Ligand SMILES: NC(=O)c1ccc[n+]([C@@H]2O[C@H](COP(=O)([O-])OP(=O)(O)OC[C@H]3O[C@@H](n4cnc5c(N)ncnc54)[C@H](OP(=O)(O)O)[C@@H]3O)[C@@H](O)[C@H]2O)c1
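Below, in structure tokens: the form predicted alone, a single chain.
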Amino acid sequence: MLFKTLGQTDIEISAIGQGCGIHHSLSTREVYRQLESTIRAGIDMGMNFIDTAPVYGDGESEIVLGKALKGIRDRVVLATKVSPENLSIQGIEDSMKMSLCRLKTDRIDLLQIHWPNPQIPILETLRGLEKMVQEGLVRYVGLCNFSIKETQYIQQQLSPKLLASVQVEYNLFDRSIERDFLPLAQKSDISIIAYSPLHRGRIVANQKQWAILQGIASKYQKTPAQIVLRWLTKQQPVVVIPNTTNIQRVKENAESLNFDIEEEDIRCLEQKCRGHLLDVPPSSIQVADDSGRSVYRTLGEAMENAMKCVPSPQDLAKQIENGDFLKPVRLRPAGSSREKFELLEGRIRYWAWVIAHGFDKPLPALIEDYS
């Protein structure tokens, strides 16, 4: 197993970690309970870094981890999060108490802000985090889903070396972080925790890319997923947190580090297997959802924000107006059309863009099934 230093700390974490957020359509207690055996198996294989959050299974993920780590807590580096509605000083303290109770531990190694909340002053949030560190309940702090500008500001405000990581999506399909977050992490010795490293199981954008990836995998007698995980972890600040309830997949993930990829194959992956980035007018995009989740389908619904999304579309619109867009939305062609698209991921960002710029100004988008 390959280990990397977490930020500027003295903590060593496995380059392949274990994510504990199961896809929302499968978030039943029964499915989360399957994590207990896979987590312990992964630890036995050297995967000592475990990432969870209170919202995963409405606390069930942390409860299962508390059982899985009984008697072996000191063998792992445990990361959890605090939700955006709890970013006041009191909210952070209350959230921490509940997480510690569910996890059956007395400290969190890495506490991450899950999403920003513009309605709570960030300096208050940072004071709350530092208070948890001073009390010995938290060792280090991380950020998830923040923009580059927000991250740089927080880095300046926190105590030196306290910001250990940023958690962002990074995979062959979505390589947005290579423009800003990856250089920042390399310069500042901040760890990149890459979620969805296998692009939610799709791995690449289309069949043509899949054929290329399979060819490289065959050369090394590895699976396509192992090739991608090895490519990601070759980059010094990057650790990945794939999630699975399948022990065979855990074994494959752990074995993703026992080989190396030749430079010519790395160049092939990077040049031929990346997502197709386009600027697409919002008027050409249909708001679709095949996951069963509730979504805003009209501008009026987004403006009303009845589901109380945090940050809200209006909050993100202000950020976009200041030139600070988090990452591209994800689309797929609508039928056989190359001019009409369905919106797969990034609905709040989509409506925020419309609020900021209207329906005609193109927004950055990554396209699936587009060759």
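Given the structure is predicted, the values throughout are model-derived calculations rather than measurements. Numbers for residues come from their place in the sequence shown, where the first is 1.
Another form, the form predicted in complex with the ligand, is not on view; read the next lines as being about it.
Checking 175, 222, 102, 249 for any heavy atom within 4.5 Å of the ligand in the model of the complex turns up a single hit: 249. Residue 245 is the only one of 117, 245, 206, 88 with a heavy atom lying within 4.5 Å of the ligand in the model of the complex. With the partner omitted here, the stretch from 302-310, 51-59, 336-344, 315-323 that lies within 4.5 Å of the ligand by heavy atoms in the model of the complex is 51-59.
Taken together, the three residues 7, 80 and 151 all stay farther than 4.5 Å from the ligand in the model of the complex, as judged by their closest heavy atom. Put simply, residue 272 is far from the ligand in the model of the complex: not one heavy atom of it is within 4.5 Å. In the model of the complex, the ligand sits within 4.5 Å of a heavy atom belonging to residue 195. Contact annotation for residue 200: at least one heavy atom lies within 4.5 Å of the ligand in the model of the complex.
Taking the partner from elsewhere, residue 162 is found to have every heavy atom lying beyond 4.5 Å of the ligand in the model of the complex. Taking a 4.5 Å heavy atom cutoff to the ligand in the model of the complex, the contacting residues in 117-152 are 144, 145.
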